[in-house]
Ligand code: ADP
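Here's a solo chain for you in structure tokens, the form predicted on its own.
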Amino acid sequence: MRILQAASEFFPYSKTGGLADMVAGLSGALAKNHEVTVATPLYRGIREQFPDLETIGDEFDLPLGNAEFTGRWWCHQPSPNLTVLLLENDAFYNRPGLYMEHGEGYLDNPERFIFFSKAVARLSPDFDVTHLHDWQTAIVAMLLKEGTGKGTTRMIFSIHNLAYQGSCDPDRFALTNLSPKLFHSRGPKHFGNLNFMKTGLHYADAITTVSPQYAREILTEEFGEGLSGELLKRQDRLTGILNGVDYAEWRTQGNPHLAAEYDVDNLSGKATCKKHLMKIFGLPDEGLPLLAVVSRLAEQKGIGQMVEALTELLPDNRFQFVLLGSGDEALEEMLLQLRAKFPNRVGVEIGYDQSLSHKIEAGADFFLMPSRFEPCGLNQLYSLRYGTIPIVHAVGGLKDSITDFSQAKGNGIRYDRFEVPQLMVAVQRALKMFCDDQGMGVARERGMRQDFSWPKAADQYLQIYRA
């Protein structure tokens, strides 16, 4: 089978979050037995990171309304059966950020990703399946169904986070160069605006999302982000598939990012990783439990509630906390103030650092994920493999993957209501657990032996591709 994956980010070429990891893991698993091509923008720095990129084909012009813009594909083949095509247009993609700067989205994101979608639509007819990921690629489905690039390709649309929909003013629909008659409430029009996400939901042959629980949640008004009605219309085409983990990347042995190796049979290296992490954050090593977060800083992630809970807990409970993340400037400031208030107990690094992410997963005792909603989440799965115990709000993929220790075969600490007192109780349970060396050892071993690798999930996607 010839499979085209279209995504706005793809690890290791570009990444802001789990989307890049998911597309990389799925594509690698599919490429074991199928011919996979991934189309993604050529962002700033990629050519320097991968100097062996080569151009493929000629430059081409694509219309956006009354204007034309030039594109060109660059090619990289990281492994057998896997080809990466990177779309060049410096005006659109040669920027400091993928989608935003200083917490503000680029005003021309609709233009940037309609251009990308048009380039992908030119490729799609040569493939058996075109798999579109999130709002940035959703327009491809409409272009193929309603435009001139019609073909036999089967179109799969994956929702990674329904909260981000690519909603913009209705005048942007003209950029598609499709008939204005197509801009109606049964398709791309949503509350008067052009909505990329709704377009994908309407035109795709099948819809997936990144966990079974999230697939159920988004059919409700609470989690449907204004699109639950559209999803209910197509729920017979909606499937939730829990993301996998690329254990070739997220491993505790032979990992160049870690200060020491360890595995499920010998955890001594984890203590070394913890000491190294404390040194990185400039925290005194006092043998205290260490809680950690690696996250995009957004209200979705429950960061505000978490800061409130930690502010209450730190004065009377002996533990330390480290965080790596960036995003909402108000949340960044809250975290920096928390660090200033508890300088020997709290470490905060604002930014994105893949190497430090590995160090945090390996060095922490517990990993906090207090999300208001979480389509899948990957860090709880990384934490299990790294012998770090997840503390999660039971929602979305967190509920699918983490069972509370109060249950048979539990692998983490779970709480049910999105409330500060519930989070505080969960943290206090972790602190008590830390004092039980035997219990901690059993918990770590149980998590490290779990397998969330990609082949099982890839098989589920193949069933949808072939339907």
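All residue numbers refer to positions in the sequence shown, first residue = 1. Worth saying up front: this structure is predicted, and the values here are computed from it rather than measured.
As for the form predicted together with this ligand, it is not shown, yet the points below apply to it.
Gly363 falls outside the set of residues with a heavy atom inside 4.5 Å of this ligand in the predicted bound form. Although the partner is absent from this view, Leu310 stays clear of this ligand in the predicted bound form, with no non-hydrogen atom inside 4.5 angstroms. Using a 4.5 Å cutoff between non-hydrogen atoms, Tyr93 does not count as a contact of this ligand in the predicted bound form.
With a 4.5 Å cutoff on heavy atoms, Trp74 does not count as touching this ligand in the predicted bound form; it lies far away.
With this ligand left out of view, the stretch that reaches within 4.5 Å of it through heavy atoms in the predicted bound form is, among 276 to 284, 222 to 230, 193 to 201, 322 to 330, 322 to 330.
Note on the partner interface in the predicted bound form: the residue among Leu291, Leu384, Leu143, Leu378 having a heavy atom within 4.5 angstroms of this ligand is Leu378. Along 324 to 357, residues Leu324, Gly325, Ser326, Gly351, Tyr352, Asp353, Gln354, Ser357 each place a heavy atom within 4.5 Å of this ligand in the predicted bound form.
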